[in-house]
Structures are given as C-alpha cells and as structure tokens.
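Given next, in structure tokens, is a single chain: the form predicted on its own.
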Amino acid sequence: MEKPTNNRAWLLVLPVLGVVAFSAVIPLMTVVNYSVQDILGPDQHVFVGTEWFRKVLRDPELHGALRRQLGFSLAVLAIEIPLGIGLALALPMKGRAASVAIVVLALPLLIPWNVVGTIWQIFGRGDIGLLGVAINGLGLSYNYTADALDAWLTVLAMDVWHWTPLVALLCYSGLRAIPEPFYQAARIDGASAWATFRYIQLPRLRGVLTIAVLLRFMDSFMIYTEPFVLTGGGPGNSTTFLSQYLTRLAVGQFDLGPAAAFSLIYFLVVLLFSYVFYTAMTQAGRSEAQ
C-alpha cells in the first residue's frame, strides 16, 4: 500500500517564497514594465515596445563602458586567480602561524567598499599618499586624478588588494581538504613541487576555483562603489564602468525607460558570461578526468 504524501510541508516554504517575491520578483517585474513604457508622469505612460532597448544598444557611451568593463574584469581574473593560488600555497598549513596568517590575510575583506575607495583615494595622492609619493619619487609621473591610465591601474590595484584574499582563502580551504595520503604517494614517487601542484593540488582545486572565478567575475562586472569614491568615473570616462553608466541614466538623467532596459540587458550579460565561464571550467575538468 502506497504511503500517503503529506503536502502540508510545502506550507513551510511559503514565507521564503513571499520574501523572494517581495525582494526579487516584484522589483524585476517593475523594471520590465518600465523598460517597455515611456513614463510621462505619475499617471501618464505610453507603451513603446523595444524602443528603449534599441536606443540603449546604439549608445556609444554604453559601448565604451562595456569595453572598459570587460577589460577590467578579465584583468582582475588574470591577476587575482594566480595570485590567490600562490598565496594559498605559501600559507602555513598547521599551527598558530596558520591562524595568524589567515586573520591577517582576511583583513581587507572586512573593510566596507566605500572605505576602501577612501583609503586608496588618500593612498594614491601624489602629495601625501604613500603610493603616489613613492612612485613620483622614483622619477615616474603618476596622477590618478588627471591621467586615464593611472586611474585605471589604480582601480585595478585597489580591487586586487581588496579581493585577492577571498580567492586565497577559497584555495586554502581546497588545499586543506586534500587527504595526506596523496602527498605521501607523491613523496614516495619522488614527485617535484611542480608535479605535485599540477597533478594533485590543481585538479583538487577545480571546484573552489570555479567558485572563485564566478564570484570574482560577477562582482568585478558589477563594481560601483570603489571606483565611484576613488575617481568618480574619471578622468573623463576612463573608469566609468557599466554600473556607473546605469546610475547616470537612472539617477543623473532620470531616464527610467532606458535605465530599466539597460538593467535587463546588464542582468542578462552577467548571466551569459557566468554561464560561459562555468561551462568552460566544468568541461575542462571532465576532459582531464577522462
């Protein structure tokens, strides 16, 4: 006799569904509504279909912001992932030194984003900032408030300083999870440090590296507070990324229709790139396992 199913347990999920609907679904539907209408007043709106989407996609400022965003996110991944792996390998695995090293490494992660921008705003100044004074003292011209390349590199260095510890901690947790017999077998076979890393540690880190790549890509692709505090998007538009472009549309110009259309495009772009990264890394893992 089949045991009856008690569907009343689904009632326990209703509060969670209510919170998700209130915090995510309803705002998303509002954005979709705004993206296909021209808001003329509180009670005046005209359906315009895909006009705002076409307008936003043809905007040359959006194209420039997208190029800067992609370059920044790829640079973040190219620097933070190898650097995080190297830091994780250099950390002690046991003893009190391991605890101290982890606490010190995690300190940048505890600083709020706006405070990070303020710290680097002072740190990079050419008159009183340690970084700015040191670079100018070497005979190099450095001024992140006037030079576009200096500003972009300063934002990149700030992000690397702030978020590389996250990658390092994720990799460190993956290294700690590798059973000791793997290392014992490597020592018996006379494997070098590189061979141990290549054939034991790196394959075992693939899961946490996938998480690290996705987290860092999504976060860097949506970066806003740090460059806004540090440079305000300047000089010119050199550090104006997609999030600042969106804020300018929605808040600065109060173009709710184009801003809503771009919000949906922005959301889909992040999902698309995250899916591509995830698929590529999982496929690489499967091909190596075969």
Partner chain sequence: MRVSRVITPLYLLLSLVPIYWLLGMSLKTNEEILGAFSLIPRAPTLDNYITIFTDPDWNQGYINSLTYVAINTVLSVVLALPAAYAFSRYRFLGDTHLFFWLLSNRMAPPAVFLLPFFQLYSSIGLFDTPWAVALSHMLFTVPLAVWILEGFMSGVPREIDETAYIDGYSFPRFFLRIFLPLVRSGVGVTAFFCFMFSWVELLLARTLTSVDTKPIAATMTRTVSAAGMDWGVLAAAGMLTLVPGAVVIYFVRNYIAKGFALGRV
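Heads up, when I say rigid core I mean the largest set of C-alphas that superpose within 1.5 Å between the two forms. Positions refer to the first chain, counted from 1. Note that this is a predicted model, so its numbers are computed, not measured.
The next section is about a form of this same protein that is not shown, the form predicted in complex with its partner chain.
For V56, no non-hydrogen atom is located within 4.5 Å of its partner chain in the model of the complex, even though that partner is not displayed. The shortest heavy atom separation between G64 and its partner chain in the model of the complex exceeds 4.5 Å. Looking at L83, you'd find a heavy atom of it within 4.5 angstroms of its partner chain in the model of the complex.
Within this chain, T164 lines the site of its partner chain in the model of the complex, having a heavy atom no more than 4.5 Å away. When its partner chain is considered in the model of the complex, only one residue from L149, A177, A195, A78 comes within 4.5 Å through any heavy atom, namely A177.
Listed residues L74, A185, L153, A106 were compared with its partner chain in the model of the complex; A106 is the one with a heavy atom within 4.5 Å.
Residue heavy atoms within 4.5 Å of its partner chain in the model of the complex occur in exactly one stretch of 231-239, 244-252, 66-74, 46-54, and that stretch is 244-252. In sequence order, L83, L87, A90, L91, M93, S99, A101, I102, V103, V104, L105, A106, L107 are the residues of 80-107 having a heavy atom within 4.5 Å of its partner chain in the model of the complex; the partner itself is omitted from this view. Once both forms are fitted on their core, a CA shift of 2 Å or more is seen for P27 between the shown form and the other one.
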